[in-house]
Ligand SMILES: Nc1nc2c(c(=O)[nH]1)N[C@H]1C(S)=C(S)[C@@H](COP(=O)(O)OP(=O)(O)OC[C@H]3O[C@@H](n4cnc5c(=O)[nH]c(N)nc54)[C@H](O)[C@@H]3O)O[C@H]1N2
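Below sits a lone chain in structure tokens, taken as the form predicted on its own.
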């Protein structure tokens, strides 16, 4: 998501939920993932806000929507281009904004002509009438905000271009960096844009990347490297096993879970190739079983932590108890290592609170002041300024909103990247591989959450696990009837890479031809049956959300 925003606009832009009159929710379900945000949305909806939800599943969020665009997994880009087609052809776009600030609009305008409502219905399964009505509602209700989600769209092999296509709708309708639209706010701390300036970005990039060793995945994913300061961790097993462009023999990790990788047995094989492997975690996980040394980390009730929220609220938490069983906060482990390794960074040798003071210096806040407010406080917020691009331009190569990305064009010849937000079906899909689809006709979709689970952490609580004690796959009534499958029948989910057995959950939440599996059950780990290198060629993100498979009935 962050990469798509940067390629289009140069910066992230967050939805102004409080002031919007129309909310376009793209594959996000805060009812399960962000209940405080869900409360704001529900209150806005009760007071007349229009809402469109794009999601392949009938989620609680979708049931509240004025329009639910229930698309096939991985077809987001076609849907977005179809909405753009309607908005442009009907003249509903912001002509002044587009004329002044769009780069490559003529090329983009010509490309979206392919995506007629009829063609988009064929690709996505979204009725053309709903597509047109959604385009009308989003473009003609002012102001309108776009609410993205971090994982669902990008976890496709076409995810980055899909998101580029979707996010261009913000600028196309003139809703970029305006009150009630999508507002540009810089990261404050971790992934929170709280409305005040810190030295967070300077802190995580304290040394020029040019002075550092090539990051993991640097050659395979150059745009990722140009837009982020991180390595591409999904590429880690490939580099360990291939030893290219240089060998990795030693690894220290924090909370690493090898099951998170596609083809997770491949990641485990890579870990076993290491000469020395240290893992840190709160629990003795499956990954810890393969480590040479395990460093126990304490829980959040045993340590202090700075937290910053999107509304500007901050808190420096205080531990309720001392760390148990020789465990330490993970940051303490990092700072102790910095001292013992005698690294060339004096600030790192001073410890967590000194580092936090350095990051917060522009705000005037200090750790000592935060400790005086154990229940938290509001930070001194910067004044809200809209349309900052009028003075600053856009942080893109052309200084404009890029319908055609000049950064992607730079790698067109070497990596085949298209400057336009072109739509290509997922690599493992009936459209891209019809021969494979004859043997594996179902689209497998994984990674959705259940409300009682926080990722995989609360699987360990008996009362939450009891709500769904066994792994299940959601299948449509039509598919169940055609295959003679009844509720709770045992079925195999089969792909070219293996199979898992789960119970069938016959559901109205999923489309015909789609199988949805909740992740996290190690006795039926869906990540083991995915191609280890099934990734987006630009971002490197894994294609968890759409790959081909089949259902085979096992029994009751």
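Positions refer to the first chain, counted from 1. The structure displayed is predicted, hence computed values, not measured ones.
There is another form of this protein, the form predicted in complex with the ligand, and it is not shown here; the text below is about that form.
- Heavy atoms of residue 246 never reach within 4.5 Å of the ligand in the predicted bound form, leaving it off the interface.
- Proximity of residue 492 to the ligand in the predicted bound form falls outside the 4.5 Å heavy atom cutoff.
- At the 4.5 Å threshold, heavy atoms of residue 76 reach the ligand in the predicted bound form.
- In the predicted bound form, no heavy atom of residue 534 sits within 4.5 Å of the ligand.
- Relative to the ligand in the predicted bound form, residues 16, 133 and 311 are all farther than 4.5 Å at every heavy atom.
- Checking 311 to 319, 444 to 452, 171 to 179, 368 to 376 against the ligand in the predicted bound form, the stretch whose residues place heavy atoms within 4.5 Å of it is 444 to 452.
- When you look in the predicted bound form, the only residue of 352, 254, 200, 92 with a non-hydrogen atom within 4.5 Å of the ligand is 254.
- This chain appears without its partner; in the predicted bound form, the one residue of 227, 233, 282, 125 with a heavy atom within 4.5 Å of the ligand is 282.
- Although the ligand is not shown here, in the predicted bound form the stretch 151 to 167 places heavy atoms of 151, 152, 153, 155, 156 within 4.5 Å of it, in sequence order.
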